[in-house]
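Okay, so we've got the same protein chain twice, two forms, each given alone as C-alpha cells, structure 1 and structure 2.
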Structure 1
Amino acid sequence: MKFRSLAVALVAGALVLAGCGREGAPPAPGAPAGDGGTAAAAAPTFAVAENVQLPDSPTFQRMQERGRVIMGVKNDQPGLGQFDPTTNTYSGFDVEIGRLVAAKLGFDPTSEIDYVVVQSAAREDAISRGDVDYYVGTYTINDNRKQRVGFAGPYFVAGQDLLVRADDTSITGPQTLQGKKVCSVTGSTPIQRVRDQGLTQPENIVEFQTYTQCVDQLLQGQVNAVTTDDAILKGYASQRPDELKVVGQTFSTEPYGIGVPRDDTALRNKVNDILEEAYADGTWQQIYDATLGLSGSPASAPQVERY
C-alpha cells in the first residue's frame, strides 16, 4: 500500500461548549503560550492510505463514489470538537480522531472531509439515515444506542469529574464536596448525580443554563466546583491552565465511540483496526497531548471493545 504524508495542524481559537445535552460558550481563552499559557504539543503526522479496499461496506462505497467523507461532529466543545469562525477550521481531540480515520480510509483530511454538526439528540437519526458516514463527538457507547447504530472504539473513556480553581486544595474528589457550592447545567445528569448521592447540601447546588455561566462563577469565586464529563472539563482547564484544574477520580464511566451505521460491520471493524494501530504506534497519545492533554491531566489509550 502506498502512502502520502500529511501534516495535520491543530488550530487554536475561540472555544465554545456543549455538554450533557446543553450548550454554551466558554470564557475567553487564557493567556497565550509565552505569557503564562501552555505551549501546544507537536501535532501528529497522518499517513493517508491509497488503494484502500473495503468491498463489504456500503458506507465506504458511498464515500468512494462521492470522493469525500461526511463526518458528524460537535462544533462547540473546547478541546474536543470546535469551530473557529476566524479561520473556518475545526479542531480538537474528537475532530483529530475523525481525521485520522479519514486518512486511513484514503481521504485527505485537509480537503476531502465535509463536517456536519449534529446535536446530541439527533445523532442516531443522522447516522441511520446516512446523513453522515460516521460520527465523532463525545458519543457514549451504550446498549440502547447499539439498537440503532454501531460503535467502533472506545477511543476515550470519560467520566464525571470536578473542575476547581488551580489554587484550591480543599476539593480532591466527590467525597470532599460537603459544604461546597457545586455548579452544573440545569437538568443535566451530572448535577442530578450530585443531588441523588447527597454529595453536597441541596442549598449548595447551583444550576445555570450553560457551562459558561458555571465556569464564570467558578473563576469569580462564587462557586467551588463545576461538574460534568472530565473530557469537557479538561477542555476548559487547557484554556486556563494557571487558573483551573481537574481533580480527583472520575465517578461515572462514559466510553466514547465512533458512531457508524448499525449493519455496516465491515466499516466498524476497519475503524477498530485503525484505532488499535493508533494506540500501538503512539499516534493516539500525540493527538491527546496536542488537545485535551494541554489541561495537564494525563491519559492513556483505552482498549477497543469489539462485538
Structure 2
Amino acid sequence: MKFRSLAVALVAGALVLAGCGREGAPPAPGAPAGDGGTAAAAAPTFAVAENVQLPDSPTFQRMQERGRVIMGVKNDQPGLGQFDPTTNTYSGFDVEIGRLVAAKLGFDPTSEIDYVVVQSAAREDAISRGDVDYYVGTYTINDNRKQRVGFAGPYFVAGQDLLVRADDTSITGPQTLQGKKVCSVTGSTPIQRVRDQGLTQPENIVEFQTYTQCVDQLLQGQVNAVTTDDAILKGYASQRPDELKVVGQTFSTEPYGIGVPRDDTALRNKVNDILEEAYADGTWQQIYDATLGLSGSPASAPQVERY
C-alpha cells in the first residue's frame, strides 16, 4: 500500500514536473541537433491543412477552441521522442508523426503544439482525463488498453528486445534471463511479459518510471539487462556503443498506435486517414528516414488496422 501510493505520487509528480512545454525557435536549417543523434533539421516540414471540419469529434472541437494541440510525448527516447534542453526542442520519429497529425488537422506544428510528457504508466489516465488531445510515444496497441483509450494506427511495429552491457556474453535472448536482474518500466507491455512468462524471478524484476533510469542502472552494474522495444533500446545503444549493445532477438510484436480518447471515433478515423495518406504519398518514409532510419535499419509503413 505504501509503495503503491508512492508510485502514484511519482507518476503524478512526473506529469507536473514535465509540465506543458512550448518549444523555442527550431535550430537553423543545417544546424546540428545538439544531441549528436537525431538531426532535427533533416525532418520534413508539413503543409498545414485548411478548413478542417470534424463536427463529431469533441476532442477536435476543444483543440479548435483552444487554437492549439496538446500532444502527449516521451522526452527521453532518442530517435523516437527526445527533448533537447539546449535547443528547447523535441525530436524523433514519434514526435514527427505527431506533428504531421497536427498539421493535417489544421494546426501549425512549429508554433501551435504544446508538448506534455507522459510516462508509460500514466498514459491511459492522461488520455481519458483529456490532459492530452492525443499521444504519440511508443504506445503499443492492445485489447487491454483499448478498454480505456482509442488507437489510430499502427504507424510502426517494434519488438521486445534486451539491452545489456557490451562485454556481457551470458545474455543472448529471453531464455537466458533466469537469475539475472532485469529492469523495465511500470505499466509497459515488456515488464508485463517478463512477469507473465516468468523470464526471471519476481524479486529480480526492477521497475522504474522511465527507461533512462533503467539504462543508468545497467551502466552502474545494478541490473543485468533492460528490456523494452528494440526501437527504444537501439537509441540508447547508439549513444554509448562502447558500453551497451542490443541482443537482437525480438520476442514480441509491438504495434505502435496514436492514443486518442476512447469514444472519439471521428478523431480516430481522421488520424487513420492521415496516416494512410502519409503511407501512400511517401511522407511516412521521409519521416522514418530523417529519424529512426538514421540508425541504418530500413523499414516500411505498416497497414492501418481500423476497428
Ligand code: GLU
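Residue indices: 1-based, along structure 1. The term rigid core refers to the most C-alpha atoms you can superpose between the two forms while keeping them within 1.5 Å. As the structure is a computational prediction, the values presented were derived from the model and not from experiment.
Undergrad: Of structures 1 and 2, which one represents the form predicted on its own?
TA: Structure 1, which is the form predicted on its own, differs in this respect from structure 2.
Undergrad: Kindly check if the Cα atom of Asn75 is displaced 2 angstroms or more between structure 1 and structure 2 relative to the superposed rigid core.
TA: Superposed on the core, Asn75 moves its C-alpha less than 2 Å between structure 1 and structure 2.
Undergrad: If I superpose the two forms on their rigid core, does the C-alpha of Tyr236 end up displaced by 2 Å or more between structure 1 and structure 2?
TA: Where the cores coincide, Tyr236 still shows a C-alpha shift between structure 1 and structure 2 that is 2 Å or more.
Undergrad: By what angle, rounded to whole degrees, does the smaller rigid part rotate against the larger between structure 1 and structure 2?
TA: It comes to 38 degrees of rotation for the smaller part.
Undergrad: Gln160: how far does its C-alpha move between structure 1 and structure 2, core aligned, in angstrom?
TA: Core-aligned C-alpha shift comes out at 2.5 Å.
Undergrad: Would you mind giving the Cα movement of Val194 between structure 1 and structure 2 in Å, after fitting on the rigid core?
TA: Spelling it out: core superposed, C-alpha of Val194 shifted, distance 8.6 Å.
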